[in-house]
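Only one chain is included here, represented as structure tokens and corresponding to the form predicted alone.
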């Protein structure tokens, strides 16, 4: 190949690259404006003292907001982070166990009307989350006319303020989140169980394995590659859950008395209630970095086949 041909090929490649960037430019500009700029601007605000007293005359304070969040133990951030980690673990474990049991029941050979049950189980997912949460709050947990307290009164017990204490609010929020998130996990589990080769189960049964052994030694290892990505997605969505906790117990004008906060509701309160935008931006950046670190960790473990 002559030098002229090499130059011509290099020119074509360069021209093709330039055309690709020109074609992609509108979408790249849109992504930069909608995604990149807000992240960079939030990082900038996190280094200032912008708040209700310093709207326009805010000044650069460096890492003060980060130090307050991470090293001042009564700031509320660390307790909110602990609640968020516990919230994620409890919800993830409950979803996996309940969804697996439901999926196993749906795949029982002699079960009739399976498709009807699958359709009904998808109903919570079809409803808008906002509507479902408020229905639970007013229809189930209301201290005056909620269904749970009606049952309590019928049994001769006094009414209970289900959402007034932190522990009660945590349990109620977990129940509502389980109601909203279960359909997705059941659908994944159901599809995974249907993909398991029946011959493996039959071989284990012939070898004398009981039901529990067949589930732990055959079924679970077989569906692990399928449910793994679903678990990672659910961990992300549960960790940054906002609407369930906020609408049930922290909504402005309808607070229940509980002081339970996740890091998302804590950041929201500091930004839009206390108007402390510098501190709230620092919390948002910390959350963003935590999610990025978790994403990189799970990606690395996936590549290693763990």
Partner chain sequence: MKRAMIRIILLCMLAATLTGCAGGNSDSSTTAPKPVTITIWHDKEDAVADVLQKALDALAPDIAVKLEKKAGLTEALKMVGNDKNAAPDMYWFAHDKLGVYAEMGILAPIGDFIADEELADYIPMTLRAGMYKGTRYQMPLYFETLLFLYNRKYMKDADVPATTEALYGYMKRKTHGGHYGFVEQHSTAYYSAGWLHAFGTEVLNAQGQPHLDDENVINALTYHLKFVELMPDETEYATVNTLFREGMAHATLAGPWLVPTLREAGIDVGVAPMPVVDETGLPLAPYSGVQGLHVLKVHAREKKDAIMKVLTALLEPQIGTDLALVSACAPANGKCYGDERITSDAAGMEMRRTAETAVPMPNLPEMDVMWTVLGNLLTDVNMRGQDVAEAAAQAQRQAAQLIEAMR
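In this text, the rigid core denotes the largest set of C-alpha atoms whose superposition between the two forms falls within 1.5 Å. Residue numbers count along the first chain shown, from 1. These figures come from a predicted structure and were not determined experimentally.
As for the form predicted together with its partner chain, it is not shown, yet the points below apply to it.
Contact with its partner chain in the predicted bound form, defined as a heavy atom within 4.5 Å, is made by all three of 51, 144 and 254. The stretch that touches its partner chain in the predicted bound form, counting heavy atoms within 4.5 Å, is 144-152, out of 181-189, 207-215, 144-152, 227-235. Of the heavy atoms in residue 47, none are within 4.5 Å of its partner chain in the predicted bound form. Interface residue remark: residue 281 is not counted as part of the site for its partner chain in the predicted bound form, having no heavy atom within 4.5 Å.
Its partner chain is not shown here, but in the predicted bound form it comes within 4.5 Å of a heavy atom of residue 56. Although the partner is absent here, residue 262 sits far enough away that none of its heavy atoms falls within 4.5 Å of its partner chain in the predicted bound form. In summary, among the residues 138, 203, 79, 195, the only one with a non-hydrogen atom within 4.5 Å of its partner chain in the predicted bound form is 138. Within 4.5 angstroms of its partner chain in the predicted bound form, the stretch 266-285 places a non-hydrogen atom from each of 269, 270, 271, 273, 274, 275, 276, 277, 279, taken in sequence order.
Core-superposed comparison between the shown form and the other one: CA of residue 279 displaced by 2 Å or more. For residue 262, a C-alpha deviation below 2 angstroms is recorded between the shown form and the other one after rigid-core alignment. If you fit the rigid core between the shown form and the other one, you'll see the Cα of residue 241 move by less than 2 angstroms.
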